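Let's start with one chain on its own, the form predicted alone, as structure tokens.
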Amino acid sequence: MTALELGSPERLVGVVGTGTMGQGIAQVALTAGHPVRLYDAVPGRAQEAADAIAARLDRLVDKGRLDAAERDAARARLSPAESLEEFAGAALVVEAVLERLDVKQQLFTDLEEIVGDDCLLATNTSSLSVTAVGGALRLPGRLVGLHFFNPAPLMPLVEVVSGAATDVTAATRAYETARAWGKTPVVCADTPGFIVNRIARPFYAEAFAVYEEQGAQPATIDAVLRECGGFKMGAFELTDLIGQDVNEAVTRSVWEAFFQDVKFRPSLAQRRLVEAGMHGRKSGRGWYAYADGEERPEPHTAQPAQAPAYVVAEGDLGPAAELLTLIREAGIPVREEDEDNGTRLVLPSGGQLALADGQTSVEYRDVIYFDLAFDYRAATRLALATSQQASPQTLREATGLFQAIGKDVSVIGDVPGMIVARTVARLIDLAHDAVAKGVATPEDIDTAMRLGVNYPLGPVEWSRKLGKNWAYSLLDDLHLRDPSGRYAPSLALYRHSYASDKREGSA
């Protein structure tokens, strides 16, 4: 059977597991034109799921996204199954059951006795090994990972995961089927977390680390990630939405699958939330409170300060070079001086501003760091990191400078790498490491991170934008200050940076 045959509307698709994800996958296959059967081990659940899907189709008609005739045809193709035997003629069966290896293995072993040898079997696991899930099968080559993202009808991304035994033809059929269903598939190897859940760990981990280091409160960190970093949501509000128990379980699963690699270490603060039953929106409280009448804490925003009369730009500001244009547009004179030993803004008081580089303010007499922005012109908030070494006058001038160019200013503790910079650097590092280890292509990694978690740029694209040495240099500085290995640049990132230098040097 070819991929085209599998994608054709007359072929039956079976879905096992009727929770949120199972219902979503069934709806995707249904609206693509397939007859769909739902099965759940709990009696009555399949019928409840079919009714829920039908209700969602009704809402799509009400919103004008589906016409009544299409809805009626889709509802006619949807049916609950009393037993797995009703999947005998299926072209594809997707499972979305409990994330337990033994449960999934038993399910597919049972299915293999029922479906034809040409039936493609797919697991929607987000944390288990596809290789292990298929390890008990008579024909393990037909099992593939089809990892949809929640909500499946709306999220475009599908990770197509090949286990060690997955046949190329099976992966190709799965890829083409996802594309025929209107999704954007990406191909990846069977590695812990696949693409998105592997590379996204620092987005949460670094936000939690800044909080644990007493650098800033959750509301401030979230605001900086959104309004400076360009992310759709901050890490604290996003994990409250996902569920602290769910997010922590994925983090722990990836960490354990990588033999407790320190780069994937879970957060103790998040563990405490989970232990307390504070799972986020669904429990009424997580990092934030969600009861009626509860107000969200405001991010730290500095009081108005007077702008400096001028600034002196020493050296090349690199990713922050656009700041000079914004400062001039605000009517503040900028004098540029070439310097070999610094890339900083000097203020009238003699204090200096520097782009976050993995060092700390306390190491210098009067230096305040500012965070990386995705787009300095579009950013509405910038963060400053300061220590007791910096004078109050320098902080006032730095605050007034950024306020003069239209930014809210959040002052955080003396955290090396700050918030956005250290997060982006680690995302870039994990992306290069994944490419080097054959997890996925750079293009598929960027696509996955943009579509799966709505990052403003894919990490490989971000690496090109920031320059070949930026992430390596920042992480190397962080590693000197925290030699645990958490921030040690990967060999892949080192090779990327070093090889680029050698090519340019020999040109």
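All residue numbers refer to positions in the sequence shown, first residue = 1. All values reported here derive from a predicted model rather than from experimental measurement.
Although not depicted, the form predicted in complex with a small molecule is the subject of the following passage.
Although the partner is absent from this view, L345 stays clear of the small molecule in the predicted bound form, with no non-hydrogen atom inside 4.5 angstroms. In the predicted bound form, the small molecule sits within 4.5 Å of a heavy atom belonging to G19. Using a 4.5 angstroms threshold between heavy atoms, R173 stays clear of the small molecule in the predicted bound form. Taking non-hydrogen atoms only, Y472 never approaches the small molecule to within 4.5 angstroms in the predicted bound form. Not one of R252, F264 and Y455 is positioned with any heavy atom within 4.5 Å of the small molecule in the predicted bound form. Stretch-level contact analysis of 460-468, 63-71, 475-483, 42-50 against the small molecule in the predicted bound form, using heavy atoms and a 4.5 Å limit, identifies 42-50. The contact with the small molecule in the predicted bound form, taken as any heavy atom within 4.5 Å, belongs to A96 out of A96, L238, A216, A200.
Proximity to the small molecule in the predicted bound form, defined as a heavy atom within 4.5 Å, singles out one entry of T399, S361, Q270, S126, which is S126.
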